[in-house]
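Single chain ahead, by itself, as structure tokens, in the form predicted alone.
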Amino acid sequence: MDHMIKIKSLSKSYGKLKVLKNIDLDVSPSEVVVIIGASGSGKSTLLRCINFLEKPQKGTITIDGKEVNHKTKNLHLIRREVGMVFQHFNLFPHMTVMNNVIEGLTQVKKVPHAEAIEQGKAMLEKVGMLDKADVYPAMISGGQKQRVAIARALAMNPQIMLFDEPTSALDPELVGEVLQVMKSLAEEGMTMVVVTHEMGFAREVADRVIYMDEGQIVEQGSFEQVFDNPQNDRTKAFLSHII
């Protein structure tokens, strides 16, 4: 079976600080992988390496059968296959919601403006934000901003979606609306890697849960395996603090 993401012996350091240590990870098409772990365990750095926002010191990353690194020709074409949603929405404040969503389509993919608008409408409708197409980010809630950020990533028609703690900057009452959009994507078969503290979401949606600690994958399995029957003492200690 071909993997959508294949990571082999991935290591990343900042100076003397080893953030990732020999990570091996395969993600199958349509699989939803949820990564948990304490702050500083390397979760976000792993995502940023998958999306080429960080350059690893060693190891290989293969996306949809293509091995990629910073020397890869047409890296920008492969990057389009990987959508990313960050903790802080990163919307352009001077642009309307619609213009935020279609910016990549018109500037990167060179889609004609009228066609981009139609695609933008479809994506905003998908995340329940079409009625806010003409307003500016300052006029909508954090949860709404995150839904727009998801629409913006989806507009590029990625094969894979990466979510880096997408709800951690939100007020508790706004978390559900973002998780609902992510659940819908999972049901549609989107390949997803999600770093989150939302254990209810992990229980409902994850095909596999990965626990990371000190730059390593310590344990992985189904939600039930990891949460109800953890094998590693570090996993047990972590779970005892969050459950």
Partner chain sequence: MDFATFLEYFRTFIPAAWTTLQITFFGILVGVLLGIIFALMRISKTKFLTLPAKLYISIIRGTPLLLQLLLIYFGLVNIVRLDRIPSAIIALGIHNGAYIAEIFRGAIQSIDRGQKEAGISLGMTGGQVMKRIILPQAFKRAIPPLGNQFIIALKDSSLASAVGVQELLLHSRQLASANYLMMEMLTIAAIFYLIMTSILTFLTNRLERRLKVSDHRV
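Numbering follows the first chain given and starts at 1. Values in this document were obtained by computation on a predicted structure and should not be read as measured data.
There is another form of the same protein, the form predicted in complex with the partner chain; it is not shown, and what comes next is about it.
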item: The partner chain contact in the model of the complex: Leu91, any heavy atom under 4.5 Å; value: yes
item: Any non-hydrogen atom of Arg80 within 4.5 angstroms of the partner chain in the model of the complex; value: yes
item: Exercise: Leu53 in contact with the partner chain in the model of the complex, heavy atom 4.5 Å; value: yes
item: Contact of Ser168 with the partner chain in the model of the complex (heavy atom, 4.5 Å); value: no
